[in-house]
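As a starting point, one isolated chain is supplied in structure tokens, in the form predicted on its own.
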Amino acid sequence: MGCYFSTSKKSKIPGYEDPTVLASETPFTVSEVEALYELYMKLSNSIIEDGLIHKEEFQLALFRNRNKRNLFADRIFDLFDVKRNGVIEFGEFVRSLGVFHPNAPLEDKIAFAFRLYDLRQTGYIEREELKEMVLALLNESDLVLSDDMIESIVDKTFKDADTKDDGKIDQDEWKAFVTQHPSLIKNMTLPYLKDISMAFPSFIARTEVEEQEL
């Protein structure tokens, strides 16, 4: 691992940040940040060898397919890209992944999920956004439901969450709703991040192994 942290290597990585600093600002330890650096280098050079994660590389990492469109992949990429410059730098990668750590504050997970589902970035989750969220979740689970059933789920969910009955879900309503239905943010925790320094590089190959077993 030490070779990755040589001066010559670091100087070639745009937006490089010191692991000690990143560890102090996230739930990760220094050794975990170093393991994430190796993962970052693998991802950021998978298509374009420039030490930055482009959207195609992000898609490839998430879905093993750079052309598969996914509502959440686009939105998650946008949230990871804090500087809004079209790429994910190392510091952004570590800080954003920190939200998914099992030890990250629940408040952070709830806030990140709200921003994820606020597709139009209005500061509210509207019915159409909720419907897109439900459709995307159904698509991920391969569950096939009739249009009427989907509309019924969306209506009930929206009615339960929109306690102020103003046609939109604000951050307070979202927080209260998620507190009652914690499964909604279950995907905001990635258990393997807790042992990333021990798990690396095995978790990178995890998907490949699973695919072979199918």
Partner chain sequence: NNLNAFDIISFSSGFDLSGLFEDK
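Note that the rigid core is defined as the largest set of C-alphas that superpose within 1.5 Å between two forms. Positions refer to the first chain, counted from 1. Not measured: the values here are computed from a predicted model.
Only in words, not in the display: the form predicted together with the partner chain, which the text now covers.
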- Item | Y16, V33 and R120 each touching the partner chain in the model of the complex (heavy atom, 4.5 Å) | no
- With heavy atoms only and a cut-off of 4.5 Å, decide whether I169 touches the partner chain in the model of the complex. yes
- Query: Does Y37 reach the partner chain in the model of the complex, with heavy atoms at most 4.5 Å apart?
  - Reply: no
- So in the model of the complex, does any heavy atom of V87 sit within 4.5 Å of the partner chain? no
- Task: Answer for I196 alone: is it within 4.5 Å of the partner chain in the model of the complex, judged on heavy atom distances?
- Result: yes
- Of V94, I110, V99, M133, the one that lies within 4.5 Å of the partner chain in the model of the complex (heavy atoms): M133
- in the model of the complex, residues of 168 to 184 near the partner chain [heavy atom within 4.5 Å]: I169, W174, F177, H181, S183, L184
- Task: Taking the rigid core as the superposition reference, indicate whether the CA of S146 shifts 2 angstroms or more between the shown form and the other one.
- Result: yes
